[in-house]
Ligand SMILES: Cc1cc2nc3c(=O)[nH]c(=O)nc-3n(C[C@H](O)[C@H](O)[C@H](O)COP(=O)(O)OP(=O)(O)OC[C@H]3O[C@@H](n4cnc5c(N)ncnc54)[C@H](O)[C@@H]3O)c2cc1C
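Single chain ahead, written as structure tokens, the form predicted on its own.
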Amino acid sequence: MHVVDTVVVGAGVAGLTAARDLVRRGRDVLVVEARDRVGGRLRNDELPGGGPIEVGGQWVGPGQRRVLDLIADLGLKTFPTHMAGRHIAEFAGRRSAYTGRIPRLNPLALADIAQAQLRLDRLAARVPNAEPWAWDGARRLDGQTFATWISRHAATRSGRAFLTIAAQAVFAAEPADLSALWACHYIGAAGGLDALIETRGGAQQDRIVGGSQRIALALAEALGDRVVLGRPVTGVVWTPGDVRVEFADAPPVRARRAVLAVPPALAGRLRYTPALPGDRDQLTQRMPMGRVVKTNVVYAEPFWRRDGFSGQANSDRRPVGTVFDNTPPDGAPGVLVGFLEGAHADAAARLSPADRRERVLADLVHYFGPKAADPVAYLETDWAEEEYSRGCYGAFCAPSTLTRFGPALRAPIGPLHWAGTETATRWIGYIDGAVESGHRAAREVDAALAGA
């Protein structure tokens, strides 16, 4: 039996950050990962010709101090997402090609979008980042879906369409799926809706040279043989001062503390002996993952740039509701990344691969013209089919979850500590949130070990 101070379950950015911090504090650590790779929801694939392309999480942006500091510390570099040219927007049956931040819509629609977003941002700013369930208005907001909030505060079809596609793009879920309190908590933790949906000045501003998985690869390289791959956990046996992590085909690992750095839905599927307290189990039952099919469509060159388009497109009616230019920094090959999110991902996942590809290309043709029909490669990842993710971008709370069970989200249980971007207080759901959670879990563990 392998015996260490701390065992970390999950070699995504959260788990690797926690392990790195603990090693720097002189602790003996082992990281066990079910997959045959590190990175969790960050994964690089390969373009024709051999260059990397991100098929999982990929962007960083201003205000994400923790991940930007980590990137600099690891010696990695970023480059800006391509933004030059006209963007395309389809809302409420009208198509607009525009530059800048605001699409060309009728003044009444623009006014409604502006007032609804202002209401949302002001409400989100009032929700405490660390304990949203403790806010005076939490129960009222948590008792309704985000769709209900939208219907009450957006007066026009365009206003409702804008907030709906924003919810799909941010949560990979439908507004009717999630609590309005969770939506406000998430938005407030990023500093407002613009910070989440914008490219320049927002969460989609920059990419990592070599692909985002390089963050996890660099962390794992520094940890060396402390990271063990291909080791899915089947059970966790714990007492107040001891934990044993069990596997199907390998000896168990014994530790004084454990960090479980996996999404809540996956943490809830492990077998715990004794069983976890009811509040923690009820929480994980009410935190499903979002659903997204991410597609990277590769062309010989970024033809849309020559045609005056930025490669950014949004639609409230097309399955591929969000598109960005995902071309490598050297400008070739051309890549459009498109997302099928929420209910669109549900429908697309039920198609054959050939029919799904045809649907994606049809939407790209509608956005950018007939040249989009003839790619040189097509890459897609349905994250709901990934056994050790079961969805993306992150988990979300169903109505009445935060106010009933929210305190169980981060609270340690005996020797068990929780990490992962869903447990962050800033930039929940993003790489920055994962880094924050890893730092916090490491502090908890180190303090517990020091006091034992």
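Quick caveat, the model's predicted, so the values are computed rather than measured. In case it trips you up, residue 1 is the first one in the sequence shown, and so on.
A second form of this protein, the form predicted together with this ligand, is not displayed here; the remarks below concern that form.
Between the options 266, 298, 243, 361, the residue in contact with this ligand in the predicted complex by a heavy atom within 4.5 angstroms is 266.
Between 224-232, 368-376, 126-134, 85-93, the stretch whose residues reach within 4.5 angstroms of this ligand in the predicted complex through a non-hydrogen atom is 224-232. Using a 4.5 angstroms threshold between heavy atoms, residue 417 stays clear of this ligand in the predicted complex. Taking the partner from elsewhere, residue 292 is found to have a heavy atom lying within 4.5 Å of this ligand in the predicted complex. When this ligand is considered in the predicted complex, residue 259 lies well away from it, no heavy atom lying within 4.5 Å. Residue 406 falls outside the set of residues with a heavy atom inside 4.5 Å of this ligand in the predicted complex. Taken together, 13, 59 and 421 are fully in contact with this ligand in the predicted complex: each brings a heavy atom within 4.5 Å. Taking a 4.5 Å heavy atom cutoff to this ligand in the predicted complex, the contacting residues in 375-397 are 383, 388, 392, 393.
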